[in-house]
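Next up is one chain by itself, shown in structure tokens, the form predicted alone.
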Amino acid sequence: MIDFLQNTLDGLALGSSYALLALGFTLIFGVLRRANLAYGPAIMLGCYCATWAYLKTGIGLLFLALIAVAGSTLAGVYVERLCFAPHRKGAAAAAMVASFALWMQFEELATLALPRHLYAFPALYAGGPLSLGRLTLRVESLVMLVAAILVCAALWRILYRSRFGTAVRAVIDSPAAAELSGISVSAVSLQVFALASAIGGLAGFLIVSGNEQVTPMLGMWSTLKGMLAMMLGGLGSLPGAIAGGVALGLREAHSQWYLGPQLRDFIAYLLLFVLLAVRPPWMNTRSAY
């Protein structure tokens, strides 16, 4: 029983990182109905900017967090301008393929700046885990869980209690009607990309500082985990992004304990396949907002 409870606690902690990644994916998909394959690489590039700054200057964690968020945001804006703005009224496949090309560009840029496969990153918390009786919880995981909850609450408030949120929901309902009412769909799209990328940058910083390392594989990992969590929770749902991330974390934690680490990712992707076969998400897409 203790093992089950510990695995559940570990799964909740792991799922919180997936939930943060899924929130950014959901925000973009909810507005544009497009999949941004460069979302994870943009996060990776922001983390590489922070790593480069740390290696050159040795600055503190707060400044590293700001650099990671700023770098990811700028990369996200770059993706929107080059890949999604030109294809806003065109085929979704064209924008998706273009974002994949920028994925490769970001990885190449990161490895040119920092050519080694692995770099150390300063720890978010240098102490030991918290003791909850016979259970343990890493402080980094608790910070990630709290961050996911706070970001989701902030997004809900932005989307339902601000003029920007009203514009976003109008674009979701009908881009043409939003344009006729004076709302700039182009500006809303750019702002949504910037906001989603900033959330991704925060998630990336918390992940690399929790793991105390950064690698170019962070881009692919973030894309796969964030997209999988989003699809498990239902496309276009902010609460679903949190639920999907937590569900994925719990599934992986228990699968690793009972079936071994070799089958952990296999079980997660098998679950996604079953969900796609039983109820395709594009037949159940709903507004996140």
Partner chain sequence: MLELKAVSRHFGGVRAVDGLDLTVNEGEIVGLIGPNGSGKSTTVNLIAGLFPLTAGEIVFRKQPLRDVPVHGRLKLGIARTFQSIRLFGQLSVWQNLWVAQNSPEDRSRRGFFARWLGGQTQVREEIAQLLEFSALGHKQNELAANLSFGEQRRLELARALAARPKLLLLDEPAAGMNAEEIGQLRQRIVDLRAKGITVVLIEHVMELVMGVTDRIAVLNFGQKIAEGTPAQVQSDPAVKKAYLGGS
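All figures in this text were calculated on a predicted structure; none of them were measured in a lab. Numbering follows the first chain given and starts at 1.
Another form exists, predicted together with its partner chain; not displayed. Remarks below refer to it.
Of 183, 145, 202, 151, which one comes within 4.5 Å of its partner chain in the predicted bound form, counting heavy atoms only?
When its partner chain is considered in the predicted bound form, the option within 4.5 Å is 183.
Selected contact from 213, 166, 136, 105, since only one has a non-hydrogen atom within 4.5 angstroms of its partner chain in the predicted bound form:
Exactly one residue meets the criterion: 166.
Report the stretch among 119-127, 202-210, 154-162, 75-83 that approaches its partner chain in the predicted bound form to within 4.5 Å, counting heavy atoms only.
It is 154-162 that comes within 4.5 Å of the partner.
So in the predicted bound form, does any heavy atom of residue 178 sit within 4.5 Å of its partner chain?
Taking the distances in the predicted bound form, the answer for residue 178 is yes, it comes within 4.5 Å of its partner chain.
Might residue 174 be said to contact its partner chain in the predicted bound form, defining contact as any heavy atom within 4.5 Å?
Taking the distances in the predicted bound form, the answer for residue 174 is yes, it comes within 4.5 Å of its partner chain.
Residue-level contact is defined here as any heavy atom of the residue lying within 4.5 Å of its partner chain in the predicted bound form; does residue 111 satisfy this criterion?
Close contact is absent here: in the predicted bound form, residue 111 is far from its partner chain, nothing within 4.5 Å, heavy atoms only.
Does any heavy atom of residue 217 come within 4.5 Å of a heavy atom of its partner chain in the predicted bound form?
Result no; residue 217 lies far from its partner chain in the predicted bound form.
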